[in-house]
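The chain that follows stands alone, in the form predicted alone, written as structure tokens.
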Amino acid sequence: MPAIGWYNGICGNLSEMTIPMNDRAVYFGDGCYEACLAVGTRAFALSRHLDRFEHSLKGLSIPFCPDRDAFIRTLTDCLAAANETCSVLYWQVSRATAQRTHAFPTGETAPNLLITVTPKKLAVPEQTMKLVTTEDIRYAMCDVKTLNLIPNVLANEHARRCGADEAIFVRDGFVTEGSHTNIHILKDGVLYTHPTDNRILPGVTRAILLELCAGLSVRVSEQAFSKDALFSADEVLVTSSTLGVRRTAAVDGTAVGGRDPGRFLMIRNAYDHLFSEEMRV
């Protein structure tokens, strides 16, 4: 099946869909978004994603407050129309369609809702990742999942050109997160992860990871760790909604991790089990 697009109630083949040029997403990136994995018509951790979406809407003062059950039905209808075994469910809301001006538009305007469903193969859990570090040049609203992603785009392109899978942002010598992932380390049996402040996105998979660690008696320390700590860590972990929990083999061309495989596998297997149970796969 082709990828599905949906815009303000109109659904069709994604390659044939269009949006108004005056949608504020086009010239300002004035909106926020979410994305999650889906199996059939089941979206993983959907309620968590919706909670974060509401946080982003509030952070941008976008007045989009649909009934949650009705909104879930719209998302589910799009998944059903796509008829994919596994897919990425993406949705975004922009502030309005209005003449270009920096201030919020006044008068009769309403937010725009865009949804896409694209085919996706599940990540291979055993596949390790190669990472590169790069300076974190983003602004101070990283906890809001906005459409403004140019620093992330540039960082990920840098990773691609280096033959890596992902870029790690470093600010003032400390790791914040990846260009589209959260980064964690295992050291002496403790999982270290950056605290959820305005310098990182509060990852849904990150939150699940911390809950799983609590159930597995793996101590968690929510404190920033240095770039140097990546190279001395027992394991370097990458999490995201589309990747799950993955292991890192190299950072900046230097081999890392591989010193606590038992604890890493225990955590990853717990996540994979949770995913399978919720998705019934």
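Keep in mind the model is a prediction, meaning the values are calculated, not measured. A residue's number is simply how far along the shown sequence it sits, counting from 1.
Just so it is clear, the following notes concern the form predicted in complex with N-(5'-phosphopyridoxyl)-D-alanine (PDD), a form of the same protein that is not shown.
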*Taking heavy atoms only, is Ala164 within 4.5 angstroms of N-(5'-phosphopyridoxyl)-D-alanine (PDD) in the model of the complex?*
no
_Under a 4.5 Å heavy atom criterion, is Thr239 part of the interface with N-(5'-phosphopyridoxyl)-D-alanine (PDD) in the model of the complex?_
yes
*Using 4.5 Å between non-hydrogen atoms, is Thr133 touching N-(5'-phosphopyridoxyl)-D-alanine (PDD) in the model of the complex?*
no
*asked:* Taking any heavy atom pair closer than or equal to 4.5 Å as contact, tell me whether Asn182 reaches N-(5'-phosphopyridoxyl)-D-alanine (PDD) in the model of the complex.
replied: yes
*Which one of these stretches, 76 to 84, 91 to 99, 109 to 117, 144 to 152, sits within 4.5 Å of N-(5'-phosphopyridoxyl)-D-alanine (PDD) in the model of the complex when only heavy atoms are counted?*
144 to 152
_Heavy atom within 4.5 Å of N-(5'-phosphopyridoxyl)-D-alanine (PDD) in the model of the complex - residue from Met129, Val204, Leu210, Ala159_ = Val204
*Position in contact with N-(5'-phosphopyridoxyl)-D-alanine (PDD) when the complex is considered in the model of the complex, options Leu57, Ala224, Ala35, Ala250, heavy atoms within 4.5 Å*: Ala35
*Taking N-(5'-phosphopyridoxyl)-D-alanine (PDD) as it sits in the model of the complex, which residues of 41 to 76 have a non-hydrogen atom within 4.5 Å of it? Please list them.*
His49, Arg52
